Each structure stands twice: as structure tokens, then as C-alpha cells.
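Encoded as C-alpha cells, the following chain is the form predicted alone, with no partner shown.
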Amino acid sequence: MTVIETLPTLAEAARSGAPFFGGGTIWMRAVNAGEAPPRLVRTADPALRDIQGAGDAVRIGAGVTMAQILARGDLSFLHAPARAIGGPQVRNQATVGGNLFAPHPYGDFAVALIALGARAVLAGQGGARPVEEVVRDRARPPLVAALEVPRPRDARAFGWLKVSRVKPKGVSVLSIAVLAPREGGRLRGVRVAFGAMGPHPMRAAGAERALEGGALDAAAIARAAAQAAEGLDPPTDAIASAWYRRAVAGVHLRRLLEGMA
């Protein structure tokens, strides 16, 4: 039997050392199957549902749901990855913080956050850490209080694609997010992230190198597509084999980049 205890503040939840229960889209399956820890904690701390910021960045509470993201016009750059999370009922419950640690083949929203260079504010700790570092710790995930998300400089600078066999809400064969800011016609600060291409969402260093400093033209896109799977370790599961994911990663990256050019 699992007890879900409500604590007054996020700081107390962090000090408890117990796994955190947010929207429940991950933990409730384990609770119902009798596989959850004996104690989970949650909190009604309003800071978890807060969205603040304008201009270059926005701070999003870890308890903000995908439905809340979709309801905000000022967060339109996050609408495509938020809409890719399940159906309406799941989006009403699934949280930004919980999606960071959603097991494969889920966790698509985290892919977008990594490409955008988001940082995670950890409960009970000072400062913030890059999301790409935080998602690696699946054995003992930290308690995330909020996400600091840079806004893309313009609409063309950020691209998102989810590839699934079942439309519109099937789980991912893979997902891709690209940040490709332009300065004087050249790409500066390129970030490419993949989901379902490793044990957690990961950046594609080879594709980033192929694009950085050049124009987003056919030659650069071809180089990035050829290097798409470099350093990645896709899994084999009931959705797709590792071979298939590796084979099609470049194809879908090329299509996404062509749409951003």
C-alpha cells in the first residue's frame, strides 16, 4: 500500500527525501499496480503552478500542466511540444517537471527544453542546472521547483517534430527539437536534441557541429542529417528497433531543418 502525503511547502517535500507525486500520470500507474514506494509526497505550494517572466526568458513552475502551457498565448513557442503529450485528459494532469523524468518512450517536452537551453531550479538548492544534466539522473531524480526557459529570438529559430506511428497522440518513434538562431545569415548557438534516441533526451553533437557557423542551406542540412545519430544510442522496443531509429533520425532531422530554412 502506498500513502500519498501532502506537505505544506515544496521545501518540506524536498527535505522528506520521498519521491514526489505531481500530476500523477507516471506514479498512478505504479500505485495501481502495487509497484510504487510505500510513501509519496506532494504539496499544494502555489509556486509550483506559477508562470512568470517576459522578454528574453520565462520561469515556469514545475507543477504547471501541459494544458496551462497551451492556454498561454505568450508561450506559443512551447505549444507544439505540449500538444504532443498524450490526449486532453493527460495534458490536464501532466506537469512540466514530471515530464523531465518520464521514462522512455515518453518525455517529449523535455526534448524541447533541452534544445532551448532551459535550466532547472532545484528545490532546497541554490542556483539552477541545465535540464540536459538534470535528466541524466534517473535513479535518484532531484525535486525540480521551476524551469527557466529562454525564449527563441524569432519564430523561425525554433523547430519541433514528433514522429509516431499512431496519430495524433501515439508514443514516439523519436522526437526532435532544434534551436537555430541566425546572426547575419549565419547560425550561432545551434542546439539539436533528440528523444527516444538514448536512455534519456540527448543533444546531437554531430548535427550541431555540422550546422554551427554556416547558413541553413541544402549543403548544411545534408551534413547535419548525415551526422544526426552520431554518439546516440537508440533503444529497441515494441515501437521501433535501434537500427530503424538510427536509420530514420537523419531523414526526419532534414525535414525539420528544411521547414525552418
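Residue numbers here begin at 1 and follow the sequence given. Values in this document were obtained by computation on a predicted structure and should not be read as measured data.
Keep in mind that the form predicted together with a small molecule is missing from the display, and what follows is about it.
Of the heavy atoms in G117, none are within 4.5 Å of the small molecule in the predicted bound form. In the predicted bound form, the small molecule lies within 4.5 Å of some heavy atom of V90. Contact annotation: L113 falls outside 4.5 Å of the small molecule in the predicted bound form, judged by heavy atom distances.
Proximity of G24 to the small molecule in the predicted bound form: non-hydrogen atoms within 4.5 Å are present.
With the partner left out here, the small molecule still marks one of 124-132, 102-110, 179-187, 67-75 in the predicted bound form; by a 4.5 Å heavy atom cut-off that stretch is 102-110. Contact here is defined as any heavy atom lying within 4.5 Å of the small molecule in the predicted bound form, and by that definition not a single one of H200, A220 and L257 is a contact residue.
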